[in-house]
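Below sits a lone chain in structure tokens, taken as the form predicted on its own.
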Amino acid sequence: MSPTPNVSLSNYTTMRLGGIADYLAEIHSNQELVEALHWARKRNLPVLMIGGGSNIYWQDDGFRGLVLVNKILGYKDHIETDGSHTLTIGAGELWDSVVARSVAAGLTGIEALSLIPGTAGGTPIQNVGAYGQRISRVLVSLEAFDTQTDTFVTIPESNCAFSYRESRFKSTDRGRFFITTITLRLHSGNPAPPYYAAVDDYLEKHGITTPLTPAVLREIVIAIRNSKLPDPATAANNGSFFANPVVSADKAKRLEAEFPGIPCWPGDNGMYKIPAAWLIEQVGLKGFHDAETGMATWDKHALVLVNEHAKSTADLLHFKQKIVSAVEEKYHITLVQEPELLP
């Protein structure tokens, strides 16, 4: 294992901004991970591990340590006695390829998570969810290297502290665990209604009345996403930059009284979600191109922040604050970003 020195981190985020890492190395196995950590420890260097870079962006100062790029592959499908399928997946596998393979096998549970960029290992960190499905609902456990105990551990779903767009790996234990594999439980058969509103709208618009298979739902989700989200390969972005705000029932009632027509829908634990894209559009910032920062919001989806010609992460942060401030001023709601700013 021989890390490369002085690597531009702008090449390791789909936002294409960031400073220089002192060292960077790709990791293809658990053994290589252990070797890399020992190498860094001997030099008293901090370590970060990333996947595809779709849900992170970097400080302009870069990283004075070792960045590991997770390339651990693997896909094993074990059929249980009850007919369910247990998939053990390397954390470095491209997530959409995992979804495609599960759908090809006729399995349901993650087909609505199609076309989400990044790697499999990143999905539990963010508790990835879309179109009515969520990784926490199918995750059995994950394997990770625990930097506190210097051992590989297996963490069951019940110990991941999952909530909306949240997990212990993103909050209380940020940076402690390096995820190497995830284990999912999926089932043969078709996704059961009721479907997500955008999917129902698509079915109605296209006159589809037959029961959905995993393959058809995947096709629908891909079509929906392609119609409103830019390809990170052609437009530098992190996907949805803000999470949908979650408010109490009382606050939801006050907002509905003050702003008739504001969309609210029930979430977990008696809370309500308000679409962040709607809030941004209402303050006039959908499809906004900011000459000052070189940033923009996507004209088809206000949640997507696009780097058109920004020169630094500072430009992105300044543009982000313009949006946050505008929404706060009108709705007294503080938007929270989804991608993680590293280090």
Ligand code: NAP
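From a predicted model like this one, the values you see are computed outputs, not experimental measurements. Heads up: residue numbers just count along the shown sequence, starting at 1.
As for the form predicted in complex with this ligand, it is not shown, yet the points below apply to it.
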Checklist entry - Among His187, Lys251, Arg168, Lys228, which has any heavy atom within 4.5 Å of this ligand in the model of the complex? => result Lys228
Checklist entry - Since exactly one of Tyr196, Tyr202, Tyr75, Phe152 fits, which has a heavy atom within 4.5 Å of this ligand in the model of the complex? => result Tyr196
Checklist outcome for this item: In contact with this ligand in the model of the complex (heavy atoms, 4.5 Å), from 254-262, 100-108, 160-168, 202-210, is stretch 160-168
Next on the checklist: Test of understanding: in the model of the complex, would Thr181 fall inside 4.5 Å of this ligand by heavy atoms?
Outcome noted: no
Next on the checklist: Using a 4.5 angstroms cut-off on non-hydrogen atoms, would Gly129 count as touching this ligand in the model of the complex?
Outcome noted: yes
Next on the checklist: Is Glu340 part of the interface with this ligand in the model of the complex - any heavy atom within 4.5 Å?
Outcome noted: no
Checklist entry - Would Leu279 sit within 4.5 Å of this ligand in the model of the complex, counting heavy atoms only? => result no
Next on the checklist: With the partner left out here, which residues of 50-71 have a non-hydrogen atom within 4.5 Å of this ligand in the model of the complex?
Outcome noted: none
